[in-house]
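The chain that follows stands alone, in the form predicted on its own, written as structure tokens.
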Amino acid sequence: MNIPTDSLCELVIPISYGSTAVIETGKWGFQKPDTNLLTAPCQEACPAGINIPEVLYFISEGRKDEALFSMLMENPFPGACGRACFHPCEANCIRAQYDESVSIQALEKYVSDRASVQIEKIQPIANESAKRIAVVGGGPSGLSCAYFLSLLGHRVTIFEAKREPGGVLRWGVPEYRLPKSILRKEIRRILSLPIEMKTGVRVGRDIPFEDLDHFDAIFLSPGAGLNPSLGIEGEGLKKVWKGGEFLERINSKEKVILGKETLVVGGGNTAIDVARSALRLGSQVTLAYRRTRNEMPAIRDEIHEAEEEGVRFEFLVQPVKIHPGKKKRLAVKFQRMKLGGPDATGRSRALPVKGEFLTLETDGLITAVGERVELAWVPKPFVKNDLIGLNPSPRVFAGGDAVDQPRTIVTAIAAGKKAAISMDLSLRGNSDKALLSRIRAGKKGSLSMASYLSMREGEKWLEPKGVATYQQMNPIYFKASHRVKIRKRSRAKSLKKFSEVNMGLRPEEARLSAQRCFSCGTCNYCYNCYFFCPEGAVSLDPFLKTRTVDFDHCKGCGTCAKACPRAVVEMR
């Protein structure tokens, strides 16, 4: 039917029929969609503060270089952490409440190993007021602090006592967990920045601490290189080793010969590393610990793998005496223990069972009962209870094993980053401590260097409005799937040499694993809001990472918020 144009005004046409493009119906609405950016629990739990949803989104899109760049903004050691971290991110993955957590650590390893070399060179920002900063200790904390300070444009000199930097990553973590080729690649990337490295220089021995006074600021991160004794009779006998010294000799490629049977005392990561290394040297290994498996501070996966490889465990025993045994062996007398109430760390106390003992014979004994930091060279006002304060003076900061914090690799990295940001603020005369809370991932997470750089350069960025919860997700849009497991070398092959046990993910496995991420509280450009919008008022650009709404024509119906699987859209 043909209707004259001048007669259209006489027709009653529904307001929604073709009117949106002409009439700005958005002005009629009483609510509008707003971006409700939230921090994902995995990112909050990551001491290094990696933007995990962003990294996994890039992996799912096949954009490995961008994934690596995102990680390197927060952590200079993705290859090391992809292998030797205790991965609290996975324990806090929201997906675990739906089916199984995402294999985040394996994906970090995948990106670190497979992204191109060119993207690894991050350039420092221009800093006309750059300062000279000394870093004492070239372990993960000291190297991280130097890395972030250099990104912020400062001139850094590292003083490292050993012949090579890396700290526990170089001398403590065995090759089967962290190949030294991977570590050297990451250290080369750090030192490609304007950082001066002085190895074989021990502050307090080769140069006095006072010689550091000409630097504008100092970061102290000495490693825990002292191995405490058990304090029992017979520790001085031949064939009794200290765990740290044992691992350092192995990582130095020295020839280490063990007997047929080796006894390891301890329950932490060093004890597990010692036990698994002794297996690879052809010895049968028993690990003795004074509490039970549940109280062991070692990484759960490492304990499980040690058991699978053949390490035998003896729980609730504590050595009290070592004496020569038959045929040049050692006889170790153990006190039977039982669990009592919680101690200062929250773990159950190990209490002796009166009159009950156990004697085990062995060809060698390796003790791994913790490490201490040598602080005799540090000015006394900086030291309290055998530790250094985080900020003992206006120009001195500290981190790593020498401060009161968990002794893990990723925690040391986080301490280095926090110190770098705090030093930069102090050197710029900014005393606004509240600023640090604005760039923190959640309430208890690490600081975000990406956010700090944006703030420092005067750029605007969207601050998260809280931490995402499972209740905020919309699981109707997710399909149940199993966790993608990492491939492992066979027991027979892994015990022959110190070859890396975890072989990593294939490209398709990595893509499928990354796609399992809920991207909690973060837009991953699923296009639900675009497809479901009845007025076509939403537009997305996944490469520019933008989502825009045409508010002149958005009616505020709320369909986009209801269709968002990850609580990114909120009606206001």
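These figures come from a predicted structure and were not determined experimentally. We number the residues from 1 along the sequence you see.
Below: the form predicted in complex with a small molecule, not depicted.
Stretch in contact, per heavy atom within 4.5 angstroms of the small molecule in the predicted complex, of 284-292, 222-230, 332-340, 124-132: It is 222-230 that comes within 4.5 Å of the partner.
Quick one: from Gly172, Gly82, Pro319, Gly267, grab the residue that has a heavy atom within 4.5 Å of the small molecule in the predicted complex. Contact with the small molecule in the predicted complex is made by Gly172 alone.
Exactly one of Ala419, Met71, Val111, Ala412 has a non-hydrogen atom within 4.5 Å of the small molecule in the predicted complex; which residue is it? So the residue touching the small molecule in the predicted complex, by this definition, is Ala412.
Can you work out whether Thr408 and the small molecule are in contact in the predicted complex, taking contact to mean some heavy atom pair no more than 4.5 Å apart? Result yes; Thr408 sits at the interface with the small molecule in the predicted complex.
Considering only heavy atoms, tell me if Phe382 and the small molecule come within 4.5 Å of each other in the predicted complex. Phe382: no contact with the small molecule in the predicted complex.
4.5 Å heavy atom contact, Arg483 and the small molecule in the predicted complex: Because no heavy atom of Arg483 falls inside 4.5 Å of the small molecule in the predicted complex, the answer is no.
Answer with yes or no whether Leu263 is in contact with the small molecule in the predicted complex, where contact means some heavy atom within 4.5 Å. The answer is no: Leu263 has no heavy atom within 4.5 Å of the small molecule.
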